[in-house]
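In structure tokens, one chain follows: the form predicted alone.
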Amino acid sequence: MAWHIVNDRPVYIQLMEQLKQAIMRGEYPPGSRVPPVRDLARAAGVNPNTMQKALQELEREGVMYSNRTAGRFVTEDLSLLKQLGGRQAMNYTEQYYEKMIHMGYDRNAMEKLLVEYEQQRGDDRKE
């Protein structure tokens, strides 16, 4: 998993978001064991205490759970994971929308940009 940490927001929140994205991409499938805190912290280049905080928050949200002797695992609650994906998609949509409105684009212009982007990219995932 590639990590990307910036200085504009709390690191543990960025770690949480990136772990959620990894779960949604299937890097950590439902019920799978998550690597130990120290391994994740080393890979992300962060303090283990910061990673621990991120993982504890994910547990609090129900995204993960701990088994004291076996480690941390991704929840097997598929409805919760689906909701998580929907919320994340809405957050990205809101960020895009607000930035584009700030730049003076309306909905039609945004749609046109998205279509152009898909065409340039050669995106075959369209409906």
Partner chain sequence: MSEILTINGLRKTFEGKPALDDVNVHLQSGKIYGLLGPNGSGKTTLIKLINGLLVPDRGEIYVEGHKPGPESKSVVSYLPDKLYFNTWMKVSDLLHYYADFYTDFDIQRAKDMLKRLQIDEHKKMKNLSKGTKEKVQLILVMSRRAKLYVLDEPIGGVDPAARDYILETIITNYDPEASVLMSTHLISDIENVLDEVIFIRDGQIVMAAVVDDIREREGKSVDELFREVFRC
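Everything numeric here is computed off the predicted structure, so don't read it as measured data. Residue numbers count along the first chain shown, from 1.
Only in words, not in the display: the form predicted in complex with the partner chain, which the text now covers.
The partner chain is not shown here, and in the predicted complex it never comes within 4.5 Å of any heavy atom of Thr93. By the criterion of a heavy atom within 4.5 Å, Pro48 is counted among the residues contacting the partner chain in the predicted complex.
In the predicted complex, the partner chain lies farther than 4.5 Å from every heavy atom of Met1. Heavy atoms of Lys99 never reach within 4.5 Å of the partner chain in the predicted complex, leaving it off the interface. Proximity to the partner chain in the predicted complex, defined as a heavy atom within 4.5 Å, holds among Leu58, Leu81, Val34, Ala41 only for Ala41. Comment: 49-57 is the region of 72-80, 49-57, 85-93, 23-31 lying near the partner chain in the predicted complex, near meaning a non-hydrogen atom within 4.5 Å. Contact residues in stretch 1-16 (any heavy atom within 4.5 Å of the partner chain, taken in the predicted complex) are Ile5, Val6, Asn7, Asp8, Arg9, Pro10, Val11, Tyr12, Ile13, Gln14.
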